[in-house]
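The data below hold one chain only, encoded as structure tokens and taken in the form predicted alone.
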């Protein structure tokens, strides 16, 4: 996932802004980490550079 995507991503549940926590970063991409909603505190994992933006009940 590129950092620039953070500007356009929003929580699919409440449309809130997301905080980024990076666990592993490559040259130009975030390979592992999580996005956390500032409003409802739901976490979305980033695995192999892909953010899983499905709501928890659909994962």
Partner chain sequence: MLVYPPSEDSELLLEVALKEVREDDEVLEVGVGSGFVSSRLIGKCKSVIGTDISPFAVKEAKSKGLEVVRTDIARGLRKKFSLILFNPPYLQLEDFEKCGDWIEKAIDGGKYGIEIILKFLEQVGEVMDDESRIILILSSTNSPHIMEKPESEFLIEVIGRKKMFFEELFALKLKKKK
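The model shown is predicted, which means the values in this text are computed figures rather than measured ones. Positions refer to the first chain, counted from 1.
Just so it is clear, the following notes concern the form predicted together with the partner chain, a form of the same protein that is not shown.
Chemist: Residue 42 near the partner chain in the predicted bound form, any heavy atom under 4.5 Å?
Modeler: Output for residue 42 is no: heavy atoms all beyond 4.5 Å of the partner chain.
Chemist: Since only the chain is shown here, I'm wondering whether residue 17 would be in contact with the partner chain in the predicted bound form (any heavy atom pair within 4.5 Å).
Modeler: Residue-level check for residue 17: yes, a contact with the partner chain.
Chemist: If we define contact as a non-hydrogen atom of the residue within 4.5 angstroms of the partner, is residue 10 a contact of the partner chain in the predicted bound form?
Modeler: Result yes; residue 10 sits at the interface with the partner chain in the predicted bound form.
Chemist: Answer with yes or no whether residue 50 is in contact with the partner chain in the predicted bound form, where contact means some heavy atom within 4.5 Å.
Modeler: Yes, residue 50 is a contact residue.
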